[in-house]
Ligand SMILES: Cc1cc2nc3c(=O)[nH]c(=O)nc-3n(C[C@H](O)[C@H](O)[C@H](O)COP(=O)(O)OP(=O)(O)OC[C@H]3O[C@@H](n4cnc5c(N)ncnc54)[C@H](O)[C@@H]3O)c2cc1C
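Given as C-alpha cells, the chain that follows is alone and in the form predicted alone.
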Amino acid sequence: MSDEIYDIVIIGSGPGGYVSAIRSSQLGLKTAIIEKNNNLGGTCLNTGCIPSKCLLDSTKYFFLSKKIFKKHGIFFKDLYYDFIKMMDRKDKIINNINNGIKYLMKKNKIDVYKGIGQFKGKNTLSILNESSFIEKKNIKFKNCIISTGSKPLKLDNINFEKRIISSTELLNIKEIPNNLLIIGGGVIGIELGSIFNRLGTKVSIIDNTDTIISNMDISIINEIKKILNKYSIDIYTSLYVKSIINSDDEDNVLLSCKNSFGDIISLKGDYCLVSIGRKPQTKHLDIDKIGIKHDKNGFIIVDNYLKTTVNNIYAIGDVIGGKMLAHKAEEEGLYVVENIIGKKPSLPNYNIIPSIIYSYPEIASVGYTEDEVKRKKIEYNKGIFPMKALGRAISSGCTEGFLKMISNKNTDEILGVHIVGEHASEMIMEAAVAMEFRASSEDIYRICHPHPTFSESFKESALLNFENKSIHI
C-alpha cells in the first residue's frame, strides 16, 4: 500500500475531512484519510458540536419539565435528573455516529490511516505514530487537503490544568460545578453556560468586550443579554483577566480581573472554563519545510480556490480561519474536491453561512448585520416581527424573540436575517436560500407560508420591510 499513489489524501477526519473523502471517492478518485485520534469525526463529533448539543437537549428537557410544562397542565411528582445518564447518553450517541463514519469510509473504499500526517515533500506524506512520533510509513499523493481543524486558545502563561479547563474537559466532567466561571462569551461560553445553569450551577460569564459576542447583530446581542439575565447568569463585560489561580486545596479557582477604570474584581468558582477562541492545528505537519505559508496567527494562507502556496495542496475549515463552523468546512471540502475533478463549482458564499447559538430560545443569523450595512453606506429597510404575535408561538408557549430582516432600500434585495426564537436553527435556512438566489423581501411576502408556524415571522417581517406594514401587529 505504501507504493500506491492516491489522487487525494486528506489530513484530518472532521466534518470537512471526512465529507471531502466521501465526495472524492464518489467522483472516482483514489482516496485516503489520515487521522491521529482513535475516532473519526474530529472536534465537532467528539469534543464539540455533537456532545454539546446532546447535553443542551437533555438539560433543555429538564428545564422545560421544571419551569414550563406546568403551564401546559403537565406536572411531575418527583422530578430529578441523573447526570451520569446524561453523560452516558452523550457518549453512546458519539459512539454511534463514529461507527456510522467508519461504515461510510468502508462503503466508499476510502483507506484510513491512523497516525500523524507530516509532509516529507510536495507529493509525499509520512505517517507518524501518534505517541512516539516514529515514522510508520510513507504515502504518495497527487493532491492533498489539509483539514486538521483547531484547538482551544489558552490565555498567556495560563495552562489548562486542574480546575482551569477548556470546553473539551468541561464536556467530559464527572461532577456538576456549584459555581462555574467562564472567560469569554461567544457561542461556546453561552452554550456550555446554559447547560450547567439548567442543572443548578451558578454561572458567571466574563468578557473583555462590552457585547459578550462578536459578529452578530446588535439586536441579537441585546436579546442574548436579556435571556442570560432572565436565567440568572451573571454577565461581566469589559473585564480583563489578570490571573487565574488553582487554590492550594484544589477545591476552587480564583480569578482576578481589571475593569476599564483600573479597579480589581475578584471572582471564585469550582471551575474556570476558558473559551476565548481557537487556534489552528498545524503542529507536526512541517508545512514550512515544503513552502506552505501561514499568517502570524498560524492560519494557512489560501487563494480563491482554497489552494495553498503549494500548487497541489489545499486547506479547508478552521485551519484557514474565517467562521469556525463545521458546515463551512464541509462546503469548502466539497468545493475543493469538485474543483479538482473539473466540475467547476462556485466558491461558497461566505456571507451566506448561517451562525447558530443553541440557547433557549435559539439564536440564528445570516448575512449582514445592521452595523455592517451602515458601515458599507447601504441604504436599507428593516422589519422586526415579534414572536409573541404568532399563533404558533403563543400556542407552544415560547413567545420570546423576534425575526429581523434587513433589505436594500433601493432594490429590496434581502441582505441579512437575524432570529431569536424556537426552531431558529431550522428557520434560518429559508433566509439562506432566499439570499443565495438574491430574493427580495416582497418575494418572501408573496410566498404562501403555512399556518400556524414560526416561519410566518418571515412573511410578516418581509411585509414590514418593503411596505412598513404588518398583518398581526
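Throughout, we count residues from 1 along the sequence that is shown. No experiment lies behind these values; they were computed from the predicted model shown.
The form predicted in complex with the named molecule exists for this protein as well; it is not shown, and the discussion that follows is about that form.
In terms of contact with the named molecule in the predicted bound form, the residue from Ile183, Ile139, Leu285, Cys144 that brings a heavy atom within 4.5 Å is Leu285. Though the named molecule is absent from this view, in the predicted bound form it lies within 4.5 Å of a heavy atom of just one residue from Met324, Leu239, Ile221, Leu155, which is Met324. With the named molecule left out of view, the stretch that reaches within 4.5 Å of it through heavy atoms in the predicted bound form is, among 239-247, 87-95, 163-171, 384-392, 163-171. Highlighted residues Ile190, Gly193 and Gly401: none comes within 4.5 Å of the named molecule in the predicted bound form, counting any heavy atom. Of the heavy atoms in Ser58, none are within 4.5 Å of the named molecule in the predicted bound form. Remark: Ile34 counts among the residues lining the named molecule in the predicted bound form, judged by a heavy atom distance of 4.5 Å or less. The shortest heavy atom separation between Cys49 and the named molecule in the predicted bound form is within 4.5 Å.
A residue is said to contact a partner when one of its heavy atoms sits within 4.5 Å of a partner heavy atom; Tyr358 meets this definition for the named molecule in the predicted bound form. In the predicted bound form, the named molecule lies within 4.5 angstroms of at least one heavy atom of each of the following residues of 132-152: Ser147, Thr148, Gly149, Ser150, in sequence order.
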